[in-house]
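To begin, one chain is listed below as structure tokens, in the form predicted on its own.
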């Protein structure tokens, strides 16, 4: 059986990536292409518990502890959800993955990026996406889209989110074959068309 396709969507909270993932799933369903939609953190039973801590724990969390919690979620996710689906030939659509850790904990938190890359390799057994789409948007616009109810990371200051945006764009420069950038300050329909145009080349 042919291995499936692994596609990840990345970007700041408020960029619209989750909406676009759901639209892409509908597109693949219409083509009768087997697919699953998943996310990080929180795709497994263990991940659900880790997500509660990562996004809603209201006490101080060390930067290193935060990274290891995300990595633990990812290791569980890869072993029990992503790899089995790929082995069955599915297209796996994932809301966040390794690039989130490098951007959030590396560029925004200031942790060593080489170390995070090595830890990502351990957590994923070196499984990288076939395609990653980054939804780029001005940090202040993204924050306004979120409204007043925000999780622990969304509440970080604007400088944190500007570093995050810079991080994603730097990653795209380093891996242009894998990472494609889309302007997320556009209509849902226009963005969807761009996503489909990119994905078509991978599902032929």
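Note that this is a predicted model, so its numbers are computed, not measured. Residue numbers count along the first chain shown, from 1.
Form predicted together with a small molecule: not shown, discussed below.
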* To do: Indicate whether the small molecule has at least one heavy atom within 4.5 Å of a heavy atom of residue 130 in the model of the complex.
  => no
* Could you tell me if residue 95 has a non-hydrogen atom within 4.5 Å of the small molecule in the model of the complex? -> yes
* To do: Mark residue 51 yes when one of its heavy atoms lies within 4.5 Å of a heavy atom of the small molecule in the model of the complex, and no otherwise.
  => yes
* Using 4.5 Å between non-hydrogen atoms, is residue 104 touching the small molecule in the model of the complex? -> yes
* Asked: Thinking of 8, 117 and 171 as one candidate spot, does the small molecule come within 4.5 Å of a heavy atom in every one of them in the model of the complex?
  -> no
* **Answer option from 33, 153, 36, 179, heavy atom within 4.5 Å of the small molecule in the model of the complex** => 153
* Asked: Given that the small molecule is left out here, which of 158, 55, 64, 141 has a heavy atom within 4.5 Å of it in the model of the complex?
  -> 55
* To do: Using a 4.5 Å heavy atom cut-off, indicate which stretch of 22-30, 66-74, 131-139, 171-179 touches the small molecule in the model of the complex.
  => 66-74
